[in-house]
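Taking the form predicted alone, here's one chain by itself in structure tokens.
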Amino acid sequence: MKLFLDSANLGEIKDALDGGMILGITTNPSLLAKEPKGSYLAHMETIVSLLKKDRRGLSLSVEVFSDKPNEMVKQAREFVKKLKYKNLAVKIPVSFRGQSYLGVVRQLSEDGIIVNCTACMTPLQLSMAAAAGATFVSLFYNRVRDGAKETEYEAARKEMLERKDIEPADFNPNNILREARALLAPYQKAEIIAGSIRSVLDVKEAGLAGAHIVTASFKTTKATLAHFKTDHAVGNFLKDFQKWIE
């Protein structure tokens, strides 16, 4: 399992890179909306400069902000042209309001652009995104769980269950990951990213269930390193050594 940072905050990205904690960065328009207003591409160019300074060639995912296929393709090509970063992946949602965007995924992949197909909620969405040529296929881990209980989607949930489009196990993200690994077997280049991570245990469980990559907030990423017994042990080492040299 590889750990990515899910953030558009420059300070968090710099700290995570300096600390050697991550192997990639994922961003999205919602994350960028938390930052001071400015140019989308200029902000991404600054992130690219931090990655180039890091010199490990880590992955960076940048998301389009249109729901029109032609505009998605145009934005993706502009990102590649302007950012000039070898390991740039363009995030394309798997679908929206019944419209599939797998044609966009295929077109960009055939153009040699790395695609991260995002907003996937089922094993078949992940599999079909890989079939279309996506290098990364992103499962929204906790949003899957949310879908089992959100009252606003009760009718839609019931309808999908009755049509047998989904089953109750499809609200368990770990089950989805296990099934997706089997379904993605023919598409060996595709890696599953588990996003929408809310706790350290989510990171571990997603990795053990089959996610190739887990992307988490800076707060969660830092918390993976913390343990009271680690603090106790290190404190004792320092205290014992200080006694020895006195």
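Remember, it's a predicted structure, so these values are computed and weren't measured experimentally. For every residue, the number given is its place in the sequence shown, counted from 1.
The form predicted together with a small molecule exists for this protein as well; it is not shown, and the discussion that follows is about that form.
Where does the small molecule sit in the model of the complex: which of 64 to 72, 192 to 200, 176 to 184, 42 to 50, heavy atoms within 4.5 Å? Partner-contacting stretch among the options: 192 to 200.
Residue-level question: is R106 within 4.5 Å of the small molecule in the model of the complex, judged on heavy atoms? No, R106 sits far enough from the small molecule in the model of the complex that none of its heavy atoms falls within 4.5 Å.
Can you tell me whether K82 touches the small molecule? I mean in the model of the complex, with a 4.5 angstroms heavy atom cut-off. No.
Hey, in the model of the complex, does L31 get a heavy atom within 4.5 angstroms of the small molecule? Within the cut-off, so yes.
Is it the case that Y101, even though its partner is missing from this view, gets within 4.5 Å of the small molecule in the model of the complex, heavy atoms only? Y101 lies outside the contact set for the small molecule.
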